[in-house]
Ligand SMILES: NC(=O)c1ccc[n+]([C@@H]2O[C@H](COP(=O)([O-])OP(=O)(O)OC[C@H]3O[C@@H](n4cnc5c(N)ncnc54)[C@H](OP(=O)(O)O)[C@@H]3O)[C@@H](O)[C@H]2O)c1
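In structure tokens, the next block holds one chain alone, the form predicted on its own.
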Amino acid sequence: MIGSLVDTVLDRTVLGGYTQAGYRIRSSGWDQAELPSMEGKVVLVTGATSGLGLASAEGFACLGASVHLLARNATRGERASAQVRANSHSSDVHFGLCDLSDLSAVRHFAESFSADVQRLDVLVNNAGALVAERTLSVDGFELTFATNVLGPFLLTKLLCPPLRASAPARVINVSSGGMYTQRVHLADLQSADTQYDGPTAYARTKRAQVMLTEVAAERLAGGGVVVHAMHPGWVDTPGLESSLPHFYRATKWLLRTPQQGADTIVWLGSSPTGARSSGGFWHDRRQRPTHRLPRTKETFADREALWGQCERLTGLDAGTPTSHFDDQP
């Protein structure tokens, strides 16, 4: 494994650490045998029709897991499932339909999944959105916030029973290195009071994901479920090409493959190391700091306030039995 000094330099320079060059340098010392068989394990990956989600699903299927792909488009979902089956030589690959920005759809999917599958060893919250103009979801929430924060928050909460039933289990939230540039504005979570900027709104939701990961880890402590956040670096995905075309064209030759970006997702979901801690932020198989700039730092009270707002907006009111991740089944 490369030395910690070299790794830190790569991480701080961004260009060195987030690109395929950084991945190749770091991965040169990794022991691929560390990834054990996942036979008998159930994995659910959201946003799994392309890019990181598809690569993650393939990675888990290759390890022998029963993999469920969640997508909002049936045609793309069926196509992705067929690709995972072909590339992994596994027939235990399934597809579920759900738009994470639609909270009623999230509730319906979680109910049917829990009834049909009954166990869940790894949940990967990967689905995301970055839109150029402020758009509202079917529930009236800003679309990026609904897709990246509210939907995954609600899905994770509703799937806590099968996660606990499968303990030790893991939740992996896919964030972005862009979150280092932003802090969460608790008084304007849905970007209604300022001029809307798609990349800024996206980065703030990715910061929110990391904050919620830390709170979830605390609330699930001792229950056999660990929660991680990670960022994949700069990855060549259809989402990046469509949402940030200028950045994509300028950096295409530097970008990681989806498989390289998804490596830490699969590693966190399968390796012994992924079960030993909770609440961390990871990149290229190492835990990373959650802040680079003083202006982005939040307090414990800020994280709790964000959690409370997510409970309220998703209908998980604080006074109900299902309002907290630390309630017992």
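Small disclaimer: the values here were computed from a predicted structure and weren't measured. Numbers for residues come from their place in the sequence shown, where the first is 1.
Separately, the form predicted together with the ligand exists; it is not shown, and the next lines address it.
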The ligand in the predicted complex: contacting segment from 213-221, 162-170, 114-122, 95-103, heavy atom within 4.5 Å: 95-103
Touches the ligand in the predicted complex: R76 (any heavy atom, 4.5 Å): yes
Contact test in the predicted complex: T49 vs the ligand, heavy atoms, 4.5 Å: yes
In the predicted complex, A127 touching the ligand (heavy atom, 4.5 Å): yes
The ligand contact in the predicted complex: F145, any heavy atom under 4.5 Å: no
Heavy atom within 4.5 Å of the ligand in the predicted complex - residue from A229, V84, L155, V235: V235
All of R72, Y202 and G239 with a heavy atom within 4.5 Å of the ligand in the predicted complex: yes
The ligand in the predicted complex - contacting residues of 156-192, heavy atom within 4.5 Å: V174, S175, S176
